[in-house]
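One chain follows as structure tokens, the form predicted alone.
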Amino acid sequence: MRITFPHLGNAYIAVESLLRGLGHEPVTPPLTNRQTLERGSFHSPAEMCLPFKISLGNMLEGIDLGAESVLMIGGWGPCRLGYYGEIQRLLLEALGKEVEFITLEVPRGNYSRYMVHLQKLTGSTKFDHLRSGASLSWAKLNALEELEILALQTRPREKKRGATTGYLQYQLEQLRAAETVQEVEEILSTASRGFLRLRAREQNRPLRLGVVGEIYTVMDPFSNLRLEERLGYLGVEVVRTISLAEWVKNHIFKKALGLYSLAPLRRLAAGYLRGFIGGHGLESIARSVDLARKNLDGVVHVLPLSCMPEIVARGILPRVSRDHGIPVLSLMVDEHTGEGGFQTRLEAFVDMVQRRVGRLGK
């Protein structure tokens, strides 16, 4: 079966290996660009958020390349992610796109529906092939996140501007082509040494800013206007608080087995949130408190326009900032966000944090 899927940063590298291991042909849409967004926005309800519009554009581009099926994730709770797949299926159907939708989500009592979708993916795949494909995919997912973190640490310290971004892209291409877990490990080992060679010998301590917010806009460079890269060029080491590998482990596996608990996050957010608000709203508050306790210099909060959980978090973060003495900048993005204003706000925030750090003598 020829299966397409929406982009989420560089996760396509792992998804391709997983689908091949399951005996399918991945149909990877072109990397998200302005045309993707415009096409998805044109066919989406106006009130839907940026991730919905971009992922619909990705699906349309994948179908143009001959995909027979669409792989999508689902969810439940106040966040609208749980409705994405069904609404997108209906929109594609209205456009005359005859494709099968495979939506994977954590079952809530209805295990039969979950198993039907899972069986569509696994089919008659032999266990050994399934295991090797899943192992390679998991290794790639963890490796690409490690490569990205190495780039975040190197970019504010690099000798030549842009060298880190170019080197990261090269290593990601190598990772995409890897066919065994051993190759993945070798690529990561080589890259670890390579990133060190890009750093200047004499280094000042860079600012360290944590990034929190809705998972898609935090992890997808097109959605957040290359936020991490822009901060790196401003001399900032970005500290991630969201990992897709951790999300998969917690929300796909542990939650399905009843082993995932929000208790640690609730303890961190105590006094700010009383209950579950969906999405990554709880995480945005809890991680901001944690970043302050770890003496980071500031927090950047990124969210899509109309995202209810993150709008709630946005209203609480000023209090977190006052209580814990950590500067917080909230950046809302949609299809109309301009690069000029976005860059200006980042530069002003970084300058303010730099002066504050100087006064505090950190």
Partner chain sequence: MGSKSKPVYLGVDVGSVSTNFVLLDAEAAGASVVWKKYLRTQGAPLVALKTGLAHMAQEGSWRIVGVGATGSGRELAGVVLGADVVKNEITAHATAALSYDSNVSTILEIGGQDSKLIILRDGVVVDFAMNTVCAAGTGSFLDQQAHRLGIPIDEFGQVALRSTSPVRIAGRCTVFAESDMVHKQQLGVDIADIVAGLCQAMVRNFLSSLAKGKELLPTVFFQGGVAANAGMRRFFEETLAQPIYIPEHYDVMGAIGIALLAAEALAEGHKPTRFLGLESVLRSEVAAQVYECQRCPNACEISEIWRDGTFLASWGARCGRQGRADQTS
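In this text, all values refer to a predicted model and were calculated from it rather than measured experimentally. Positions refer to the first chain, counted from 1.
Separately, the form predicted in complex with its partner chain exists; it is not shown, and the next lines address it.
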| property | result |
| --- | --- |
| Heavy atom within 4.5 Å of its partner chain in the predicted complex - residue from K249, K97, K159, R226 | R226 |
| Option touching its partner chain, based on a heavy atom within 4.5 Å in the predicted complex, out of F101, F222, Y272, W138 | F222 |
| N33, Y233 and R345 each touching its partner chain in the predicted complex (heavy atom, 4.5 Å) | yes |
| 4.5 angstroms heavy atom contact with its partner chain in the predicted complex for R322 | yes |
| Interface membership of E25, its partner chain in the predicted complex, 4.5 Å heavy atom rule | no |
| Partner contact for Q174 in the predicted complex: its partner chain, 4.5 angstroms, heavy atom | no |
| 4.5 Å heavy atom contact, L329 to its partner chain in the predicted complex | yes |
| Residue stretch of 274-282, 84-92, 160-168, 187-195 approaching its partner chain in the predicted complex, non-hydrogen atom distance within 4.5 Å | 160-168 |
| Contact set, 175-194 vs its partner chain in the predicted complex - heavy atom within 4.5 angstroms | none |
